[in-house]
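Presented as structure tokens, the chain that follows is alone, the form predicted on its own.
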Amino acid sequence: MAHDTQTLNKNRMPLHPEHPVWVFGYGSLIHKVDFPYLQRRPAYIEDWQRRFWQGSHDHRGTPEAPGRVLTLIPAQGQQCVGMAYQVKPEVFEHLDHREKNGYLRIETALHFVDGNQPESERGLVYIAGPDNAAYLGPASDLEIAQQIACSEGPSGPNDEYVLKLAEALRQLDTEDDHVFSIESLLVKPK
């Protein structure tokens, strides 16, 4: 699959122009909210976990020196906590562009953790699978942290992405061993 998935997302999952849609953020969408939304609620999705296995050629790295950003991998019995946003369909013009580097929209169940009704909704999440051209795949936490420490792109340093995400996860009062391990390797004295 090509790097730019904007057209693919529009064609494979058209949205009704008058129906708001929930979208789940598990990475930068938690803390970098550069789009309008109707509602925002803490939520989780089941059977997925975060991993820094996706290359960033357009935001946190370059084609010559890609950074590493998150994608989700299947993980039976796991919960991935993040933030859900109810948005108007036209917001996906922006989100599809922002998440164009190998990410596809998929439908999933969102479970809200704020105690309000409804307790769950159907929504969309962007996932970059191993069949996309920017996929870097697994590596040790140390190798991932070393690549992140040396990467920078148009959206800024790659380590900033990790540090802001770790802080946002703490504000959501959630643990993520992978993210916090990478963070700890990045903030160690050099």
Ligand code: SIN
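Predicted model only: the values in this text are computed from it and were never measured. A residue's number is simply how far along the shown sequence it sits, counting from 1.
What follows is about the form predicted together with this ligand, which we do not show.
Contact between S28 and this ligand in the model of the complex at 4.5 Å, heavy atoms?
-> Residue-level check for S28: yes, a contact with this ligand.
With heavy atoms only and a cut-off of 4.5 Å, decide whether Y103 touches this ligand in the model of the complex.
-> Close contact exists here: in the model of the complex, Y103 approaches this ligand to within 4.5 Å, heavy atoms only.
Determine whether any heavy atom of F24 comes within 4.5 Å of a heavy atom of this ligand in the model of the complex, and answer yes or no.
-> Yes, contact at 4.5 Å.
is_contact(I148, this ligand) in the model of the complex, heavy atom dist at most 4.5 Å | No, I148 is distant from the partner.
Using a 4.5 Å cut on heavy atoms, which of A43, A134, V162, L70 is close to this ligand in the model of the complex?
-> For this set of options, the contacting one is L70.
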